[in-house]
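Same chain, two forms, each on its own as structure tokens: structure 1, then structure 2.
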Structure 1
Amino acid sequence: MSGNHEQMGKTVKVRVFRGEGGQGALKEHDVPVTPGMVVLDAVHHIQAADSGDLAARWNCKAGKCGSCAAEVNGKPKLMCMTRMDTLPQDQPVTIEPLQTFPHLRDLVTDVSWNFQVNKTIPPLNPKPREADGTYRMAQMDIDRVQEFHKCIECFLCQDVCHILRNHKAEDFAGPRFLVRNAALCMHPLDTEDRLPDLKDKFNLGYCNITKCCTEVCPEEIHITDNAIIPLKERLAGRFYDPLAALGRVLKGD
């Protein structure tokens, strides 16, 4: 790390993808690096100094909106949370659009498919209120799902998921929406039976729990361990456990 700090203030080669509709190439720029600078700052410098027409999404610059997701040196990251001094300064820094989604222009991709998937998830279906008109929940049940609500929908987990990235399996919801399903399935008030959809519509079984989604999550949500694996256990218990199946037959379910 000390070597990186020694080079702060020097000029770094930054290669940014330019093009439309998946066609294009990396264009190299010389960018002066200053202390505390992040990759998004480098993009803003390029826009101001060299290429005013460079298309890139960003909003909060605080790691809370998810807009500036891109691939930096081949890894899905938020540009606003990736400091330049954490990247090798002796070789070009590459900035490319998310590879899993249709490319529009430069660093901008079409992530609208994700919102279409989101619309197909049934909303919370709460049980009736108590006699006094209130809901009661145990704190441990609330704590279990609280983590899932930290998601900022940057879609880095969707981008890195090999089922979506390599196999283009649009019948798979992807880790972001498995997390949303988990938040609903584990909600102490929800009465909706979500397991059939997880099995047949969102194809939870496609996931082979490589944990790549967990590794790129900027909010450090334990996607695999706390969301996907518990959902798989519930699915197995319902549909693939022979003893449970026998029990349902005997009970006439």
Structure 2
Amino acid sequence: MSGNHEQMGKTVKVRVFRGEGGQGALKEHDVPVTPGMVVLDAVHHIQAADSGDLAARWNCKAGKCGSCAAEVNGKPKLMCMTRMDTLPQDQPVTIEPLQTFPHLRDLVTDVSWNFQVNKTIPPLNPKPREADGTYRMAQMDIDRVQEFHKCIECFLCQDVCHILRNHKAEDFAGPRFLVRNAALCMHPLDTEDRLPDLKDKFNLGYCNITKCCTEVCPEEIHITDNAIIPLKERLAGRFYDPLAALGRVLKGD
């Protein structure tokens, strides 16, 4: 951590996007650097110093709520978990709003579409309890589901996924909600058949496994390897494998 002390007394140039409804420009500020400082500290400094109305979302400042997503030097990041000393020191730091969602003001975008998609996922439909009133689940069988439940809904993965970002495919649930579907599919208590929805409503097939989502996830969820690919395999098993389809007919599945 010795490097931090050397930065004392230094300033860094920070350029923040200011504007409304997609219109606007970067505005440059000199920000004093303190040890261990994160990008969100720079935003707070700018607000307190001379731009009180600079709009930015944040809640916990501890990487737990997923509110402070933005594009730092063009990369989707949590501002509260991005240390200034991990960014190139010799050039200005650029902070912009997420590009995939409609812009509201400064660093704030309209992420409501995500909440609408979430609502279309049928909730857990649990099987009955054991005779003793408990649910029994082995830790081994829930490790994967717990990995998916780490999601803090920062929507960085949604921001980076090219199907949403470039193709604006609103009929694609996006990586976040494929993860949520996977968590429900692999939930030991769930009795719902979710594969038809994944195929036709959430359009799992659009994903071409570029893994960009996995790379940006601050919770290090293996979105593609552990959620999307297993879902694709299940889907293929159900709908495209003629032998499996025959088996289902015979078993009355």
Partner chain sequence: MTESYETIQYDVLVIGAGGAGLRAATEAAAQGARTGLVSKSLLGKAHTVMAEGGLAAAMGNVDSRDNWKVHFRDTMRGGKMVNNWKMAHIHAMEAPDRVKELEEWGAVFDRTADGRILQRPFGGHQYPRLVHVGDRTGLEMIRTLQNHSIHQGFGIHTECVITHLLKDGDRLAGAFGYWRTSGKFVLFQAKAVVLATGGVGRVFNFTSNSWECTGDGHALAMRAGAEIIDMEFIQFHPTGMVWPPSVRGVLVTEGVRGEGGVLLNSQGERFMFRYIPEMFAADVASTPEEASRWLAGDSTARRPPELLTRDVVARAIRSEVDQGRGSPHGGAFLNIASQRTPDYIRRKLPSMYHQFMKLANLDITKEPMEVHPTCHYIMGGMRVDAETAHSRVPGLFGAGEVTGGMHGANRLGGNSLSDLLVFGRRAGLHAAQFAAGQNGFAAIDPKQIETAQQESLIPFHQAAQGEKTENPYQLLADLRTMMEARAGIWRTQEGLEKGLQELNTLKERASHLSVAGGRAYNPAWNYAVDLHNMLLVAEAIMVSALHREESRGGHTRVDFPTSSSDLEKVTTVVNLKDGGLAWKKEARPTMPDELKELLK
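In this text, rigid core is short for the largest set of C-alphas that superpose within 1.5 Å between two forms. If you're wondering where the values come from, they're calculated on a predicted model, not measured in any experiment. Residue indices: 1-based, along structure 1.
The form predicted together with its partner chain appears here as structure 2.
CA movement of Q139 between structure 1 and structure 2 equals 2.7 Å, with the two forms superposed on the rigid core.
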